[in-house]
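Take a look at this one chain, the form predicted on its own, written out in structure tokens.
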């Protein structure tokens, strides 16, 4: 495999084109840039939901001869950069991919904040930005500024209202009381979700008895969880990223936080989360979800496991893969012209592993998963804005 070191970036990233070793291609490749964390606080999440899907998709495309561009089969070549979970490095990597690597397309970064940081440059260079891990209520504003930016995971309000509606259903069924503790990571993702969650909880008649935030990358979450426990909540909501999702769950058990509903956000759907906490994970709620029993998801999960050596998560992994399916379909329909691809995205319904996707004013709306729950070894969707296959949420009864 051709490899070259990429210098003069703080990330000191390695660029690794994903051409199948030992296989000769007669045609020029479609060069695709990828920038996302391989180090820093979000590296663990990207290692689950982002990078393995790029490896899976590029290997599948090249195994069948490449992308059909106007009747010519062209392989894909992936050039990767580590942005260190640093918006400045994201911007520098996008600029290098466009100006020096001269890539045909650039994949959307990982995470809400890094996608928003990259948007102005992606727009300036004319690259379609199909985000699969960006959750924000700024969809209208961002797509108004950046006409090539598209959103697959929906907005912060939809996600926040999803968990509030699940809690309301459990309260109305007599499974939990009306006191809620809420915490959030203090970056774009967590701040927006908490801002949407407060009025949603109030409108649903809940008492917000604890409301706290913590910086991205916080190592010691014990003060956060002790504060939550002291407030004696009936339900806990954590608008968290993967490192703190794991940390909050561990601290909840250490502090013996007994609630009928325990929710954390990104990372709750990771297989490693279930592996880390074992039986204690049963009936934990989390952000997103999938129809875990659908044939399409099961086939995708098997392929992911075979190529990446690990199972996908039960939320953003499939959406990241769907973004690549969408890009592939657009290129094979209109060619490698970026402007034509962006125009095609705005007017087409795409078949994906998650079902049909249509960008309604740049947003995969109204159909996306908002809440999932671990039930008997699967993280299954319990609330959505229109997806099929939802199951009923179950009250959490202790940590064993």
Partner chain sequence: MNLSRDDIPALAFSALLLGLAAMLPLTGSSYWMGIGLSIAMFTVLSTSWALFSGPTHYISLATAAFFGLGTYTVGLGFESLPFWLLIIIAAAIGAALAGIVGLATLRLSGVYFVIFTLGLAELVRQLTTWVQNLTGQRGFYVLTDIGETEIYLMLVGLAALVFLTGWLIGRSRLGFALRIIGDDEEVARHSGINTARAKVLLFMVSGLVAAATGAILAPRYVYIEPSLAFSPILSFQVVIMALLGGPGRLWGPLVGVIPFTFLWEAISSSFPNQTTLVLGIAFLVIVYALPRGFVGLIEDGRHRLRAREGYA
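Take the two forms, find the largest set of C-alpha atoms that superpose within 1.5 Å, and that set is the rigid core. Numbering follows the first chain given and starts at 1. The structure displayed is predicted, hence computed values, not measured ones.
The same protein has a further form, the form predicted in complex with the partner chain, not shown here; the description that follows concerns it.
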Each of 117, 124 and 142 within 4.5 Å of the partner chain in the predicted bound form, by any heavy atom, yes or no? yes
Do residue 236 and the partner chain share at least one heavy atom pair within 4.5 Å in the predicted bound form? no
How about residue 82: is it within 4.5 Å of the partner chain in the predicted bound form, going by heavy atoms? yes
Might residue 188 be said to contact the partner chain in the predicted bound form, defining contact as any heavy atom within 4.5 Å? yes
Evaluate residue 251 for contact with the partner chain in the predicted bound form, applying a 4.5 angstroms cut-off between non-hydrogen atoms, and reply yes or no. no
Partner-facing stretch of 276-284, 88-96, 67-75, 255-263, counted where any non-hydrogen atom is within 4.5 angstroms of the partner chain in the predicted bound form: 88-96
Only one of 210, 246, 105, 146 comes within 4.5 Å of the partner chain in the predicted bound form by heavy atoms, so just point that one out. 146
Considering the partner chain in the predicted bound form, which of 362, 38, 344, 31 comes within 4.5 Å of it through any heavy atom? 38
In the predicted bound form, which residues of 151-183 put a heavy atom within 4.5 Å of the partner chain? 157
Return yes or no for residue 192: a CA shift of at least 2 Å between this form and the one not shown, with the rigid core superposed? yes
With both forms fit on the core, is the shift of the CA atom of residue 294 between this form and the one not shown 2 Å or larger? no
Residue 303: with the rigid core matched between this form and the one not shown, does its Cα shift 2 Å or more? no
